[in-house]
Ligand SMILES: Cc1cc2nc3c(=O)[nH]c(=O)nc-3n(C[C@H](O)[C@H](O)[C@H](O)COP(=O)(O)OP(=O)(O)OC[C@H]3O[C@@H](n4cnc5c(N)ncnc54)[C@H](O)[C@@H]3O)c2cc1C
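Encoded as structure tokens, the following chain is the form predicted alone, with no partner shown.
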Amino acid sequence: MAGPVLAYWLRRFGFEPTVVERTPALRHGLGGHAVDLFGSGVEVVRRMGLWAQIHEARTRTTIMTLERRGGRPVDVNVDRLSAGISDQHVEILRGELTKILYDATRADVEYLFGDSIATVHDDGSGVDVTFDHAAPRRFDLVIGADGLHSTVRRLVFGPEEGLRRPLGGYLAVYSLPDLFDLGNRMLVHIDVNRIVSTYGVHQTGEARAAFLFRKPEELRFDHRDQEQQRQIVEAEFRDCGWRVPQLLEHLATADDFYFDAINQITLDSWCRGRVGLVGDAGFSPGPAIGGGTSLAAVTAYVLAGELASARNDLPAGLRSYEQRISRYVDLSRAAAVKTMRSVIPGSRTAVRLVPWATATLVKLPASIQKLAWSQNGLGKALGALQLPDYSPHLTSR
């Protein structure tokens, strides 16, 4: 999310960005899990002229059915639940969002697919970069927008192990046939320390399965070893009952399987000389729980704007960007910690209460819902940064 949004605005402000992407080509299509844009994140894509496309591509899930062992299913209106968090919201599959952003930038932004940065050397007046495949080049700035396991962050700020904070949760997502004729409904099974959900993908007629679980001890795994990760998911959920055995039958063959720990990146500074970080590379609040997609969109927009404002002193622009976003980042990370504690029930009592509490919440007036979400912290975080107006710096549209 952060990379193409940043590239879009840098180009509009007169810069010449190059995006380096490890995958051999854009993963067109509808892969990845559903992500949310809230509040200022929605406003960023509006300013990019992409709102109509993104809204048309939304997941269109309207009903969430919460189920637990021994309890009656509870239906929750998803739109009412989202409205309590923010007045502006859209849920969209990650792959669909990536395609829209790429299409909006590919005509005037250079993309290097199938490559990765190997070394970075900042001599104060520019940055020399070598790649795994391409010839060495020199840039005015290097921005790491390469996600939770950022290579740029590792090269310049140090190994990931010393910069991450495990929150105790894990997330797995993959595609499978629509086994339950889901339509616009999401099915959610709640158990102690684990949640399973499945929802339809209206564009393809398929479905997505998502698994969230929490462990008291940190799991050790290779984030590139998918076979190891599939074994972890199988072991955690094989005794879950409900519809889980049917979902797990498709785990081994899914070609878009994703798994990772829900970790935060705890850096307090996201710039060093002429190198900066944005999105999950710099300050991941935690996948699936901290509003990371909105955070990525907003901070990428602010970074481009601050660089445009300080065109003659780009390191100063990085520092200004850091000052502008610091409170937003802090609130997002704090909200994610609270969400992690509440979203996955840790006891049988909590499992019984979650469906009832959620159904009750969406029936309350929007003002009361917003107050409740602000106590959680997510609502407060999402509204913590009003988008600056950088239009005087535009050089192209």
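Source: prediction; values computed, not measured. Start at 1 and count along the sequence shown; that's the residue number.
One more form of this protein exists, namely the form predicted together with this ligand; it is left out here, but the text below deals with it.
With this ligand left out of view, the stretch that reaches within 4.5 Å of it through heavy atoms in the model of the complex is, among 237-245, 145-153, 180-188, 222-230, 145-153. In the model of the complex, this ligand lies farther than 4.5 Å from every heavy atom of Val298. Residue contact with this ligand in the model of the complex: Gly276 places no heavy atom within 4.5 Å of it. Remark: Lys215 does not count among the residues lining this ligand in the model of the complex, judged by a heavy atom distance of 4.5 Å or less. Within 4.5 Å of any heavy atom of this ligand in the model of the complex lies no heavy atom of Thr105. None of Leu167, Ala288, Ile325, Leu93 but one reaches within 4.5 angstroms of this ligand in the model of the complex through a heavy atom, and that residue is Ala288. Checked against this ligand in the model of the complex, the candidates Asp256, Glu160, Asp115, Glu206 yield a single residue with a heavy atom inside 4.5 Å, and that residue is Asp115. Of the residues in 1-17, those that come within 4.5 Å of this ligand in the model of the complex through at least one heavy atom are, in sequence order, Met1, Ala2, Gly3.
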